[in-house]
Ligand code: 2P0
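Next up is one chain by itself, shown in structure tokens, the form predicted alone.
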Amino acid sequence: MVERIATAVGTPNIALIKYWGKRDDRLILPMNSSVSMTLDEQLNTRTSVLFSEKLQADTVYINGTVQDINGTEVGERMVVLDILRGMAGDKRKALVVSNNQFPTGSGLASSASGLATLTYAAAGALGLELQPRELSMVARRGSGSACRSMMGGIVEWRKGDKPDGSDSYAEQIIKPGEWPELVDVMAILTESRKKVSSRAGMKQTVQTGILYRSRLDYVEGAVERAIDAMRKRDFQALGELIMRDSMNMHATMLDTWPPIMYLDDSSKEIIYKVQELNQSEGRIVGAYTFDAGSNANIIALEKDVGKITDMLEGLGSVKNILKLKMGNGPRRLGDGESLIDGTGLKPVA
């Protein structure tokens, strides 16, 4: 079989109406649909993959460190390699070398970026020509939110109803160039790993949450309303939906037992400051949203970024501010950008 090294770069996404909880942990089937914005390459993951008969076992390097993949969460996520090998009829083991350009496990969607990029690169290394929908279903098995990072722009992850997951996939709703004014102003408060992983937190909420069932009653309608607002370019309607959904999700986390608290005092300060800014302007200037972490994402239109940035710069808790536009999804890189030394079957020094 032909040995080829495939290298790709991919990016995270920020969920505007969020996914929290699975109906099937093995297939990673969500309890609700979600919609997100794929971000540009200021935050990215670069991954190279090689399948070779010379390898005795799958070997994974992340940020220069070899990973334990036996019975670990990283190992569980490598199921995407098995799925793609099955599709290709290829039993060769893989060398995976991946570098994140942002902290892993800090609530910045590193798993979405990482698993989307891994899926894209591994499919290329196996010579598979898969459509974006097929790739999203593979990436989903490694990290649910990764399925949304398989495409650019605004993306919906349909929860589906079938037990086998064949109707749970991502679909692009709006291409990046169709609403270029929409941006994400990201306020970095911490780069520390969160105490409770998203995977563990979701399971805990589904099992113990009292308010969680109420969330499921409303969230599908919220997805539909958000998509409608985006298609109409109605930022005022979209902004309210974004903020209310973020607070609703975090309310179910607080209602979990024992409670899960991803938001800290600095997060809450940003919430209050954004509310004050919106009230002073008499309209929604920015819409805050928080994934499973304390770092803030403020969705806004390009014309209002300066006001939001000025507000954030006045807060001592904000370590860094990024303005991210819509990204295009994963893309292949040339041989000169590979992270693998093909002759030695090892990471590039």
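When you see a residue number, it is the position in the sequence shown, counting from 1. As the structure is a computational prediction, the values presented were derived from the model and not from experiment.
Keep in mind that the form predicted together with the ligand is missing from the display, and what follows is about it.
By the criterion of a heavy atom within 4.5 Å, R331 is excluded from the residues contacting the ligand in the predicted complex. Residue contact with the ligand in the predicted complex: R199 places a heavy atom within 4.5 Å of it. N100 falls outside the set of residues with a heavy atom inside 4.5 Å of the ligand in the predicted complex. The ligand is not drawn, but in the predicted complex it has a heavy atom within 4.5 Å of A15. Contact with the ligand in the predicted complex, judged as any non-hydrogen atom within 4.5 angstroms, is confined among 125-133, 206-214, 138-146, 90-98 to 138-146. Checking S168, T252, S111, S267 for any heavy atom within 4.5 Å of the ligand in the predicted complex turns up a single hit: S111. Of the residues given (A292, L43, A287, M311), A292 alone sits with a heavy atom within 4.5 Å of the ligand in the predicted complex. Within 4.5 Å of the ligand in the predicted complex, a heavy atom is found for all three of W20, I28 and R77.
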